[in-house]
Structures are given as C-alpha cells and as structure tokens.
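Below: one protein chain in two forms, given as structure tokens, structure 1 then structure 2.
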Structure 1
Amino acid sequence: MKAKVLDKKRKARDVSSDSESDDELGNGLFDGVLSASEDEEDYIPSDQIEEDDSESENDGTEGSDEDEEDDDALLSDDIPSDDEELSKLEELEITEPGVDPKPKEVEEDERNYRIDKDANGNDRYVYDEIDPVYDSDDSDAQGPVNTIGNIPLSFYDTYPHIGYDINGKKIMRPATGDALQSLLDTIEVPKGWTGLTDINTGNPLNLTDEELEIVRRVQMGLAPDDLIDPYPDTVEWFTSKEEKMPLSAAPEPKRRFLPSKNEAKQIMKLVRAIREGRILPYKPPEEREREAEEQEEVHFDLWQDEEPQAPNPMHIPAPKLPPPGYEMSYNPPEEYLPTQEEREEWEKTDPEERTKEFLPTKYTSLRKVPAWGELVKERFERCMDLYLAPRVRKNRLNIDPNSLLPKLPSPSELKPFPTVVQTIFRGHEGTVRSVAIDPTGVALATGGSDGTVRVWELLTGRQVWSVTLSSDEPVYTVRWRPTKDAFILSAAVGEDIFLMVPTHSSVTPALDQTSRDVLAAGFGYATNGQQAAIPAGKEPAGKWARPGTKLEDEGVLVRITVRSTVKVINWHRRGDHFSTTSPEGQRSSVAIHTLSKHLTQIPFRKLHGIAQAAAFHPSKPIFFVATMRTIRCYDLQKLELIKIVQPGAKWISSIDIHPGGDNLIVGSYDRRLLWHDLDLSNRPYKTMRFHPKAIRAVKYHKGGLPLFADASDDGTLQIFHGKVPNDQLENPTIVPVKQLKGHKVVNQVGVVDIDWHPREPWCVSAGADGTARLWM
C-alpha cells in the first residue's frame, strides 16, 4: 500500500518536472518518444518493483481498476492530498494484519447477474441479456433469425411459436388479422409483394428494389446483371486467320456479289411496318399510361389566325356557281313548267335521286315569291363542298419518253450481223421444217414436209444431193454431226432416225470412207454380243438396222426405230452421242443414242411433264430437258437433278445453250423470248416480246460472235446482240439489232427453224412458204 502511495507521488513529481522542462525545450518534437514504463524504471528501485508485482497478483482485477482510477485522477494539475488518500483507504475492508484489504461487497440490487442452481446443485451465474439498443433508423438491425434448419414450418402449426433464434429463445408466430384485414391486404398490394411467407419469421415475403429489377430483366430476356454486355464485339477469327491453301479454286459465282432479294423483301416488310406504325418500340406499362394521360384531346380554331392573303400564282379561288336559268325565274316560260304527271313523279322520287332540287313555279308578281325553304341546307352543302374538296395546282412534268428508256449502243456499232437475204433455196414441196449448216460451213441440209432431205451448196444455192425417206410423213428435223472428221447427217422421219453420208464436192474419198466406217463400227460391236441382254417380252428402246439396199445406194446407211415420233435431235459436242425428243412418247420421250455401240437408252423412268426439247451442255456432263413449263438440269456423272429452271412461259417451244455454258435462251408459243443466267437465278434474267405470234426456234451463234436469233410465225427473224462478259460482276448486254423479213406466212405458220454459220455472221432460215433463205 505504501508503495502505491509512493508511486503516485513520484508521478506527481514527474508531472511538475515535465512542466518545468517545457520552457527549456520549447517546441521540440519529442512527444511520445519514451514510454511510461521506461520513465518508471528510472525512479523505482527493483525491490519495490517485486513488491508491487506480488500485490498486483493478490488484488486481481480490483487493483487494476483502482490503478486506472488513480491514473485518471493524476491527469489533473492538482496533487492529491492526504485527506483524499484516507478517504480511499476507508473504502477498503481491513481483514487481518499483513493481508491486503478487500473492497467492500456490492449490494444485491446493484448486481448485473443472479445466482441459480444448475442440474448438479452447483451455483450458476446467469447474467442479464445485453440489449444492443438499435435505433429505428439503423438498417443493419435484423430481426430474430430462425434456426430450425430444414424442418418444415408445418411441424409448428400446433404451437404458438415458429422456431428458435440463435440464443435458443422462441420466435413467436406473427399475429394474423381478421378476414376483412386479409381482404384489404390483397386489394392494396404493396410494392414487392409476392404472396409468399418467409420461413424465418413467418411474415409476408416482399422483394426489394434490387430483386424486383432482377426479376424484370429476366422477364424481358435480358441478363440479370446490367453490367453484362449482351452484344460484345465480334472476334473476327476467320478474317485474322490466314490460310495458305484455299478450300476451293473455283471462281466465285455471281450470286455471291449480288444482294439477296429475299433479305431485301424482309427488310422492306419491316420498314413498311415501322412507317405504318404497326411496329412500335417497347415501353413499360407505366410510361404508356403516363403518355396516355398527357395526350389530352386538343381542339384547334381553324380561323384563329386567318388573315387576308395576297393573290399569288398558287392561290386558286373557289369555283363560282352557275348563273340561274329560265327555270329559276319567278315567271318562267310555259315550256319550263312541269305537268301534273311530272310533278307527281318528282314528288315520288327519292330526294337524293332527283335531277333537280326544285320544280319551276310561276308567280304573277315578284312580291308574291315566298322565301326559299332550303336556303340554310343549300349554303351548308356549298361550304362542305369547298371544305372537303381542296384545290391544288398541279404542275405537269414535261419529260421526254425517250429519256426514260435505257441507254443502249447503236446497232451500227454492233456490226457485223445479218441484214439482207443473199440466197434463196427452192425445191421442197410444202413447208421446209428444218435447216442445218455442216461444221465446215460449205453445205446446207434441209428437210421438208415432202419427206425429202436435200443438201445444197451454201453460197451458190445449188442442190447437190437429195433422198426421199418417206412418202407420207414429213422430215421433222435434220442435224449434222458436229465433228469435222466425218461427214454424217441425221434426219428424223416419224419414228425412224436415219444416219447418212451425203454426196458433196467438198467430201473427199477418204472422208467419205471414214464416215462410212464410223457408222458401220456399231454393227460389229452389236455382233460380238457386248450389249446388255434385253429381257424377254420387253420391247427395246431403239432398233438399229440397215435401211435397205435402195437407200444404202443413195448414202443412207443406218436406220434407228424408236417408240414414238421424233421431233428434235441434238448432238453431243464429241459426236458419239445424240439425244432425240418425242413429245408423244411419255416415259420414253427422251432417248440417248450411242453411235459407236448402236445403243439406245431411256434415261428417265418418269418425266414431270411433256418433253419439248433436250440439249447437252457444251463443256460439262450436264443434260437439259425442257418440258412445257420448266427446264430440268441433270448431272450425267452423278445421275441426279441439280437445278430446275422456271422460265414462266405457258408452253416452251425450243431452247439453246450459250457456248460458255452459263446462259440459255428459251422460246415459247406465247410470244416470249427469255434469257436465263444460270449462275444468277432460276428465274429469267430478261424477258423480251418482239413478235405478235408464237416463237418457233431460237439459236446462239457457236462461232464466238455475240449473236443470237429467234424465228416466229409472223414471218420474221429477230437478230440480237448478246454479249456475255468475262467479268462476273457485269450483266449480259442484250440489244435487238435487226428484224429480217422475207418469208410468207402460210396457214398461220411463218419461220419454222433457224441455224447459224459456224464462223461467219450468217444465218439460214426455213419457212412455211417452201423456201430456205441465207441471210448475210
């Protein structure tokens, strides 16, 4: 005890010494350099330190509390007196000499605990619950948390509480109102109301603003977090990745450089809907309701700011009423007065159907004329006519119709093309149904309705060879074999196809023998039995035989008999295959013949429509078959359909393939000429109508000149300049350059067939007037 008193006195001296040293050190930065423990060690001996430690152990927590109080007391500038020390000593209870005094016992009313007995009978100190004293505005204050875990609340239906909190206390069930209060709660739904019950408290579960925002974004299909970007920048991986080897070396098709028509239609459909107001941006219901409230009905005064306007060119005065006539006079002539029958008929007629709104009436004097009863109605209708029929001055546009036409090159710049007839070939009786120029360009073959095939010199018009194939059936078509190694002509008469070697001055004996060997090679192939066996009872697609001694002496060497009448023959570019078309043959209407094997094949089990023409692609193994309305393209290697071209014509008459293979022209009996770009679309690129009657034949120039022509029943030929550019981004140039007239129309049939010279810009036509003409 004495040591504590000395310690307090030393501290008081330290305070006085510190106040004296402040004057010497001034404003030096020494505050807090030494701790209090170091100051005490300088002034207290070690033996007194040991005594203080032992006393502090005996005193326990009470001694430490007193030290804190003493330290607080010494913070003042006054030094404690002896009376104050004696008063503090009186608060301690003296027990025995040599033992430290104990503090007096605290009264039971001041204790913050009570003493109970535990289960073993021992004393148990129960302290009062600490009240955190949360204010009502504290958002961190939470209610009791239910700690029942996964146990359902239905287990507590028979109890007044719904669980226990973290301290083990019961959480009482919240009070429920009567039926009227429940009804009011359902009517006045608070913000964030869900209709669910919180399992922790039993109270209604309401959502916060943040949770409501998440629910709204999920319902709208958005990301729950507004920080997520739903449209991030595209990582162009394939653009940045450079491949050394291309996937395909084929040139890019033209359709990849043209905008999609389907997408353009869809975009215009959406644009039209936006302009018409059928598609509106999304607005929340609250915003729409607010806008509806703001849009109040507004009435405008049309004549509020009306001012007299000066006459100007755009001002149109109202039309004046016609002046009154004799029937409106108060004393009209007798011929204007109605009779009794006319008056009764006028009264029975409906007012809207009357020709006149009044009946002429005669008065003896002007002062006897009554007031006009329909004056107000008449003035009102006059005002309505002026209001509902606004007057607008329209300026007429003076536009030259020729300026609206597309600018095409002049025909004089597109020469050469045929313009005049140079030679007329006469000799057939009846219609000349087909013409063909041989691959060398020196001979012309014609076939007519008289059943004969004739060969002419092209330039002189002299007939050099003729043969009669039938006396009752016409020769529908004649076609030369397209190679120059043989001089072979094919002709179709009824169900027979004849292959012949005509006589001509340009044919040498070696060429003649080579041609005969080509036709005879197939007989040896068939004799060796290398053809596929035909099942018993089944008719072969084509019978290859010799026509007879009489025809063989004239140069006709092979006859092929098929199942129906052949109308079209088309040769393959290599000369070993040719196709025939029989519109009446149904399944066997298209047949492919192999010259070297004397073999006839029917490639289709079933055709969709009546076949009109067939053609081979000039450079690819593709076969075109034209029915009445469509053109089907087949791959002969894969044996599959690759494209269906739809010209849109009612009845296709003929087709021809461009030497490049990417375009074709179609002629139809409904007077239309259609150009198709096969890489662009299945629909026609251009439709032309230059003939008042049906188009019988169309043909491209195969010698490299940009020309094509058509033949019509009106007796004319239309020559076109059709240039196909090598650049796939450019469209073909189609210009009509010349109309050739010369053939006569017989029985409503004009020009039947047409063919081009293999090198020169010359064409040959066959007409129903019995002539063939060479145009140069």
Structure 2
Amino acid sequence: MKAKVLDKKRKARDVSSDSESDDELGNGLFDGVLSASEDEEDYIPSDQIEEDDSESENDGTEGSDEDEEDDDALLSDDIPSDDEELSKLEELEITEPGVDPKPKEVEEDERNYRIDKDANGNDRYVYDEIDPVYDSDDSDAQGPVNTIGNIPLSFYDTYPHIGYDINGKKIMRPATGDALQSLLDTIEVPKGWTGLTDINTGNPLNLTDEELEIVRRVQMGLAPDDLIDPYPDTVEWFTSKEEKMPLSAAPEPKRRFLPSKNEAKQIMKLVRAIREGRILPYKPPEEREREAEEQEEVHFDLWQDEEPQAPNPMHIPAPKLPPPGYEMSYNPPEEYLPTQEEREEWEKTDPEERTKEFLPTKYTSLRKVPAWGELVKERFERCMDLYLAPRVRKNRLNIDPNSLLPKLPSPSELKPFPTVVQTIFRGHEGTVRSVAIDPTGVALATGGSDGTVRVWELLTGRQVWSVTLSSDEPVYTVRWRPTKDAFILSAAVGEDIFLMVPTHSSVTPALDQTSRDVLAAGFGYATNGQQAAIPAGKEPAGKWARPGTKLEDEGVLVRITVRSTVKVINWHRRGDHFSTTSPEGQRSSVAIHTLSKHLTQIPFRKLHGIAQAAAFHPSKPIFFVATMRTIRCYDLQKLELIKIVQPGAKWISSIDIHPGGDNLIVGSYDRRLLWHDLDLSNRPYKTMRFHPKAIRAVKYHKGGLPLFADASDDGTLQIFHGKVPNDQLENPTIVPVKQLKGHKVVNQVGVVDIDWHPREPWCVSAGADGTARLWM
C-alpha cells in the first residue's frame, strides 16, 4: 500500500510537468502512457486523488503565492516540484477524464444567470436552464471511450494513438511501463524519505522504521501499537450458569403460588384409587394371606336389614304347606296305618303317581324314627314351586268399555225416525223387488218377482192399481218420475223398461192426461225424424215402442227395449232423463234415456268393471257410476271424469247421493255401509258394519230430515241419523238410531229395497217374504 501511494505521487508529478509544456504534445504523450497502464491503475485511485485535491485546494486558499515561492526556495530539488505537482494534479483532475478543459474556463467567464427586475423592482436572479448536453458536468459521464469498435488493438500498433473518442479525437497511446520505470530509476530516494518538511525544524522529514511501521499499521487499519491485542479471549461476564444467589428482582410468577391442576389431577387419581381400594396400604405378605383366609369364611346375610313389610295389595304370600296330620305322626292312630293292600298298591305305583309321598308308619318311640331321605328333594321341589309360580297380581285395567266409545247423541234426542211397522202391503207372490213412494207421498209402487207392478195407498195399505208386465220375469225395479206435474212410474222387467201412468181413481183426468202427454211427446219427436240418425245396420241402444193395447189399456204406455237385463233405474231430478244400469250388459250396461226425445244413449264405450248402479247428482250435471269396487263421477257437461271414489268394498250393491250432493252412501254385499264425503277424500269417511249379511239397498231421506237407512239380507233395516252440517269444517254426525226387524228371510234374502217418504220420517221396505212394509 505504501508503495502504491508513492507510485501515484510520482505519476502525478510526471503528468504535471508534461502538461505544462505543451497541451497537444503532453496530451498525446500521457494519453499513450495512461492507456498503456490500463484501467486498474488509472481509475481506482481517482477518489483518493480527488480527496487530495480538495485538501490541496484548501491549502491553496490558505497559502499565498509568496508561500509557493518560499516553498520553491525551501525545497532544494524536489520539494518545489511537489507543490507544483499538486497544482498539476488539480489540473489533471479536471482534464483527466479526457474532457476538454475549455468549457470550464468559459463557465467561469459567463455567469449562468441573469439579473432581472421583478415587479417590486428588486433584483431577481434568473438562472439559465441547465442544458443536459452530453459532456455536461454530470458525474456519471464516462471517460473517453474508444470508438474503434470490435477490432483488435493491434491494428493501431503502428500509430501513436490507439483509437478515437466519440468526438473523433485521437486517443493517444498511454505511456508504457518501461518508460515510467526508467524515469523512476533515475530518481534516487534516500532511506526514510517522505518528501515532507518537519514543521518544527524545517528539515526534511524522514521517518524511522518504527514510525514507518506505525504508519503502515495505521494504513492497515490496525492498532498503531502492537502491544494491543485486537483479538483477546472473550470474558463471559454473563453466563448461562445459574448462580447460587439469584439476584433477579423479577416478581414471583403466578405458577409459584397457584396450585397445579395437573398435580391435583394426579393426586385425585391416587385418591380415587385409594378410595376404590386399588391401592392398599402396604402389608406384609403373611398378614395379607391371613386376611384373605379370613375373608373366605365370611357369609353374608342378605336379609339382615330386611324389615317386615306391610302387606301391600299386590303382595301374594307364598302358600303355606298344610300342617302335618295324624298320618305324619310317628305313632299314628291305627286307622291311619295302611293295610297290606294299600301298602302294596302304594309300592306298586310310580313314585310320581303316588297321592301320598310316604306311608304312615308306626314307631314305638320318636327316637326310632329314621331320617327322612326325601327331605332334600322335597325342599327343592317346594322352592321350585314357589319360584315358578308367579305370585303376581295381574294389573287389570278398570275402564268402563262404554266410556271409550265416542260420545254420540242418544237416539231419543234424534227423533223423529221410523220405529215400528205400521202398514204391511201384501199381495205380491214371491219377493217384492222394489218399492217407491210417489213424489206427493200418497201412493206406493212396488214391483215383485211375480212380474207385477202394484200401486198402493200408502197409509192404509190398500192396493189401488196393478199391472202384470211379465209372466216369467221379475220386476227388478220401480221408480217414480220425480216431479209432481205428472204421475209416471217406470219399471224394469228383464230387458224392457216400461213407463206407465198408474191412473187409479184418485188421479184426476187432467193429471192423467198430462202424464200421458209427457210420455207420448217423444213419439212425435221420433217420427218427425229429429232423432239422431242411427247408422244403418247398427242396432239402436234402446228401442222405444208402444207396448200393445192390452198393456196400454192398463196405463202402460211406453216400452223401451235395451240389450241386457236392467236392474237399476235412477231418474234425473227434472224428470226428463233417467239412467238404467244392467250389470250383465258389457258395454251397454249404463244407459241414459231421454224421455222427451225417446232417445237412449250409452255414454260409456268402455267401463272399468261391472256396473252396479248409476245415479244423477241432485243439483249438478254430475253422473255417478258405481262398479263393483269403485264409483266414478263424470261431469256431463264437460264429458270428463271428475273423481274416482274408492269405498274399499268388494262388491257395491247400491249407492245413494245425499240431497246436498256432497255426500254419498254405499252399500255393499260384503256387509258394509260406507259414508263418503266427496269433498273430503276418495276414501270412506265412515265405515259401518251393522249387519251380519249383505246390504242390498241404501237410501237417504230426500225431504230434509237427516236420516238414511240400509236394507240387509238379514231381514232388518238399520236407520241412521246422518246430519250433514252446513259448516264445511264440521264432519257429518252419523248415529245408528234404530234397527227395524220384521221381514222374514226367505232363501237367504231379507230386505231388498227401501225408500223414504218425501216429507215424513217414514220408510218403506221391500222384503223377500212377499211384503212391503211401511215403518213410521
């Protein structure tokens, strides 16, 4: 390091001396030298040079020209050159980067501001804008860059320069090492020469070896005195070692005085173990053994704490053994001693068969009585008996079964309803198949197996009219046309439906004539050709014709022949339409007849099952068709299926629609009577089984009384009170009020049909015993 510093000083002196002589030349010379020394030596010390330069400037301001002259004078040979060198260095520093020094001089001459007058008349300095020209004095500016490009430097070996800078000026080849060395060699430097002057003496300042050493050490950044050990051993003033006397003033942590949970847990574990006897205090083994032996001998008395209990009602004491009798005595009386036969017989019988377990035996004294060998067995059996016999009183529910039944009003509160038979209508031979009370409530029509239709005076039971419709086929059903303006009765016999005016004496000629006109109107309709044209070759569903003079004289005026035996007739409320049902007819089992047009239509191309009954809704254009298991409701206007009611019966026998239209009763051959609320569900609201035999007919009272009845093959009628409340939220009340007995059962058939009086709580039943009965 010391050598380096010296090298530089020499260099600087050389440069300054050269540059003074001739710019052009000096440049050219130094250029080549510098370029030869290359970047390493040229650039790294530049900072140092600058520092030196700043120092030297300060020196320069302090010192004066006279001093310089003095210095020159003082320094014999070399010292003035040193000063000179410094000033050269100053210059060098400016010129060194290869920048033209002229601009600096220009800058010094020209101020970079001008003075204006501001608004107040004061001076204002307006500085020029800094022109960021390429060679402006920014510190980032590079030194002269050789622009020769990417060609080997050897191309310039023959030239003094080594290339061109960016301004096209030649970059001179720096001085080579050989030239410097030869220069330096010419200079002899005394030992310890520093080139400095001692201020105190004025003599050249020479440094001794020690001093040089100190300088070197300082330069090395070491301590000047080598006594000082820069790396002494570490003294550990604070160590990890715990001192015996802790001097910490930290407050005591909480854990020091809070009981430890973990320890408590551990202790509790032990305590528990001790309590449960898992940890036992130590005992010597022999003592332990002795204790174990003692324990084995302990017998617990399970009942020692038992207290005599008061006999509670559920306690059944064990039966006592009978007290011993005379025969058990060791010395029984003579009559208890078995005879020889008895003894033999006893011995012969199997021990299990014996009535007595022992034979009475006589001993002369008690001490001669031997031990009883069966004792253990006997005791065991006794214990077994007691164990196996469940001596537990059964806890019977003490509930009155009637109280579990729903609260229904008493039948006596639901009067009136029919209670007894009041009129018996006799006349039919064989079963009365059907009954119907006319809309005025005066006449009763019956149809029977004898093929006759009879009309009776309702109250007296007087027959007022009759006609024989068939000699061999029964009249299955008779129904009145449900209007009072005419007096028309319909009856079904086999495949024929007859419409008749049963004119007896109390029918006025006018009413009779009206009825006849109603029936005859359709004939005119048919002949006028207004009837729907029936395709040729196709048989009409029903043939409407006059039944012949003999019947016409009796009042039977129209005969409709359909394809199969008609069993059920139901009229529409207006009396113009009626439906017939013939279960045997396949496709044509349900037919709707129009009286005014003498027209028969078959509404269903296909039926799901065997039709049993069909009925019209009492107020809406709805048609109900009951097959064996289901009831289908059809809208007659829209011609669509509305609802399928499924009563759950296996074979529906009859249906009836409540006059309100929202409820339906269904009777079935499987003994059930089902009430349907059509708004509520497709399933029955109530299922009733009051009859041991099939139900043949069901009927609502149509005159405003909340009554309905069914007729069964067991020969009875069951009358029900069935009130449909006006409030939609309430359910109908259904109370069975009366069973009407009276009809005799003939050939398993009891009551076949039933009808209600249009106003009064009277009903009429048709029985297989050949009678119709009026109940009221």
Partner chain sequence: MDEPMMDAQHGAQVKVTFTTTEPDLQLPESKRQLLVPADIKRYGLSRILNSESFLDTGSIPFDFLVNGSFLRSNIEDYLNNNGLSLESNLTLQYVRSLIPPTFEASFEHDDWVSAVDVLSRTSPAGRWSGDSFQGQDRILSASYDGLLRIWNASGDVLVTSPSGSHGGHTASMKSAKFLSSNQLASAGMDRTVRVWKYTEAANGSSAELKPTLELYGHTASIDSIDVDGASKRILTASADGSIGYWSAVKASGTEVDSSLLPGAHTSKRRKVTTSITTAQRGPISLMNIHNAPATAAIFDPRDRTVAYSASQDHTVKTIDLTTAQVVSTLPTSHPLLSLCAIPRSGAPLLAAGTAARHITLVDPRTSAAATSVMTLRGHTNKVVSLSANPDNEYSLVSGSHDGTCRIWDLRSVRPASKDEGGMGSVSEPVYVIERESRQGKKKTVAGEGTKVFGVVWDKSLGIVSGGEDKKVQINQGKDVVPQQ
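Every value quoted in this text rests on a predicted model; they were computed, and no experiment measured them. In this text, rigid core is short for the largest set of C-alphas that superpose within 1.5 Å between two forms. When a residue number appears, read it as a position in the sequence of structure 1, where counting begins at 1.
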| property | result |
| --- | --- |
| Structure number, where the criterion is the form predicted alone | 1 |
| Threshold 2 Å Cα movement between structure 1 and structure 2 for Val442, core superposed | no |
| Rigid core superposed: Gly221 CA moves 2 Å or more between structure 1 and structure 2 | yes |
| Pro418 C-alpha moves between structure 1 and structure 2 by 2 Å or more, core aligned | no |
| Angstrom shift of the Cα atom of Arg278 between structure 1 and structure 2 (superposition on rigid core) | 40.8 |
| After superposing on the core, C-alpha shift for Lys394 between structure 1 and structure 2 in angstrom | 7.0 |
